[in-house]
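Next up: a single chain in structure tokens, the form predicted alone.
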Amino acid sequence: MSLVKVEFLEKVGIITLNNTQKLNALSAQLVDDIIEALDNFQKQKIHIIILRAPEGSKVWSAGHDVKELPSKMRDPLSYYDSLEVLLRAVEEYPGPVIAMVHGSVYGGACDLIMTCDMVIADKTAKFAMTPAKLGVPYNSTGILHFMNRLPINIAKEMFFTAELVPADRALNVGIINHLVAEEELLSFTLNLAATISTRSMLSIEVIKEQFRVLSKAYSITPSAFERVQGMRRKVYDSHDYEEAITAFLEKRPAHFKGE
């Protein structure tokens, strides 16, 4: 049974995350269903996608499914991890992917929001980047998504505090493109998509790809890359990482030792 609802409305493909019993956590199955929907829309030459949660959801997505994270001794966010595959699929989709946000967005889902081309939200929207709560050594690609979107001090605050950023502030710092009334969220997003659909989609496809390529035009020496990977391994091999995952599954506060 698919964990997404797929519909076509006014020349726009709409993908609704539809596993609310698990707070739309980005499990491998949910991710596979989103990617399958994107692939099908691409084959149908549907140029504009809206990614949303069901109407009235208090949580847009709880982020990476923690139960699927490795307990220790393996990179939890490697190149072929399901979340990373999804982020690349959104980046590489040949047309705008618009996140329509009602409710709170956590962790890997916040990275997904940052990877979308635009974000439209209402007052219920809140955004938290939570790897420091789980002892997760976030990967360089994910950090770059935030660096490309936000002032670096704001990105650092999100990662360091893991606190929710309310909708008003999210608009001010650049997470959100437009903040609209809850009852206008869908109509506003569809109107924006309708405006885009009147433009040259070939031009937009090429411009989006240029944004993607240029946003990754950072040089790094092999030794610097190896150092970053070594630092990340120090974290995912640590007591803190194992403790955080265990504490989450046991529904208790984690006790970090910095080792």
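Since the structure is predicted, the reported quantities are computational estimates derived from the model, not experimental observations. One-based numbering along the sequence shown.
Below, we refer to the form predicted together with a small molecule, which is not included among the displayed structures.
Just to be sure I understand the contacts: of Val136, Ile113, Met100, Val97, which is the one whose heavy atoms reach within 4.5 angstroms of the small molecule in the predicted complex?
Exactly one residue meets the criterion: Val136.
With the small molecule left out of view, which of Leu190, Met201, Val66, Ile35 would have a heavy atom within 4.5 Å of it in the predicted complex?
Answer to the contact question: Val66.
Even though the partner isn't displayed, in the predicted complex is Tyr93 close enough to the small molecule, meaning a heavy atom within 4.5 Å?
Result no; Tyr93 lies far from the small molecule in the predicted complex.
Given that the small molecule is not shown alongside this chain, does Ala247 nevertheless sit within 4.5 Å of it in the predicted complex, heavy atom to heavy atom?
No.
Although the small molecule is absent from this view, report whether Val59 comes within 4.5 Å of it in the predicted complex, heavy atoms only.
Because a heavy atom of Val59 falls inside 4.5 Å of the small molecule in the predicted complex, the answer is yes.
Exercise: Gly142 in contact with the small molecule in the predicted complex, heavy atom 4.5 Å
Gly142: no contact with the small molecule in the predicted complex.
If contact means any heavy atom within 4.5 Å, which of 116-124, 181-189, 102-110, 147-155 contacts the small molecule in the predicted complex?
Answer to the contact question: 102-110.
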